[in-house]
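Next up: just one chain, as structure tokens, the form predicted alone.
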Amino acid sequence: MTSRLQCMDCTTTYPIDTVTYTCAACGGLLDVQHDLDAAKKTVSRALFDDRLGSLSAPYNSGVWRYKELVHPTVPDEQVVSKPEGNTNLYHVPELARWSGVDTLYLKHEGENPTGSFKDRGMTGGVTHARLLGMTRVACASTGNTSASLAAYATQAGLQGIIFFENKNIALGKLSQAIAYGATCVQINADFDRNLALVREVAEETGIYVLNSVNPFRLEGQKTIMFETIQQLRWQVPDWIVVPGGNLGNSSAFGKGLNEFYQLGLIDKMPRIAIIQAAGANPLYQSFQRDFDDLQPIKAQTIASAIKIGNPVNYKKAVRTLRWTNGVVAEVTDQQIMDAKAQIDGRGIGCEPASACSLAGVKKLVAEGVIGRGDSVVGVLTGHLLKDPDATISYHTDSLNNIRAQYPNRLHQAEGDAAQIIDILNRARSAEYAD
């Protein structure tokens, strides 16, 4: 089964082994296009169900279980996998009630090997880098991409190179990139400028770029939807709700769902809601103008993973929204951190950006966009420990311009049993009062 690169704007095609990220003819974004007519002869629900629980590489991965729709011609032994995927889909009735719907699931991509959904994309991107004979791979990162690239690059025997902003990087993420041996460069520039720089440097030096402008990254990330649908026993929810930063996930979700639909593996498309932080909301602003254009902004939000003002996958995200009759909403940092406290308090946990999903569901229900009877899947993109400072600062009520509505106070005591028992009794009384 053959695949090719194709421009989403002018449809110019390129061989799959072409080292390019945008169309040489018009500058448009590229898709990996698979031969879906050929795939119909081999792909089925039964095939993917048979691979569930496999102990054999690469099919023990929640990405490579769907190999025919990710990178069908790569030899199994060339796949770079940890393995990733196989993340839990949590049924959360308490959070459903809090947000105003009857049926809510949370798909937790923070359970991937390096703690975020980026591992799904990186297994695809680094595998392709190996096939191309690359020796160095690079990315600009707000944190999660760097951790994933560093881990997968070293596994593949490649040099990983990371361009970081020189401030506002969650230490949980920076520490991973350093620990995994990547060459880390902190630059006096924000993410959007660093992405431009990494592409400029890569063009001059022959380094392979693994930001989500790389179409092979999105091939891995679309399997979040494949796996979600399979976990729901092939039943399609009414809504998929996802945080929006550089818009790689939302772009990938639309592509993957469209492929599943064309292949007859699902009989309808869910609606997709992309949720942005109010201080990093260029897609939302464009949505309000009926997608007339993208106007970049200077992003600012506590949700560092989506603090992006000029998303590279804008056009692909708009395509997803049009394919799925989707919507875009914005939520404040206060709403994000309150939703995070709710998720954390159920023993699931997530980084701030992930909580946009739950905050977005609550807001869209209040606005009448999502109905109480609709079935909803929210995507959690990163692990709680990616940004522990934000968690502690919320619960100690020490965040600027954010008030802890659901604090879990840290108690202090001397080495005295009676004092400790008094604290425990008061805590117990407060729990029952709630």
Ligand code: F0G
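Residue indices: 1-based, along the sequence shown. This is a predicted model, so every value here is computed, not measured.
Same protein, other form: the form predicted in complex with the ligand, not shown, and the subject of what follows.
The candidate site formed by T87, Y152 and E219 is entirely out of contact with the ligand in the predicted complex, as no residue has a non-hydrogen atom within 4.5 angstroms of it. The stretch in contact with the ligand in the predicted complex, judged by heavy atoms within 4.5 Å, is 136-144, chosen from 99-107, 227-235, 136-144, 257-265. Of the candidates V331, L358, A129, L247, L247 is the one whose heavy atoms come within 4.5 Å of the ligand in the predicted complex; the others do not. Put simply, of A277, A177, I308, A273 only one has a heavy atom within 4.5 Å of the ligand in the predicted complex, and it is I308. The shortest heavy atom separation between P243 and the ligand in the predicted complex is within 4.5 Å. Though the partner is left out of this view, D119 does not reach within 4.5 Å of the ligand in the predicted complex, counting heavy atoms only.
Of all the residues from 360-384, those having a non-hydrogen atom no more than 4.5 Å from the ligand in the predicted complex are T381, G382.
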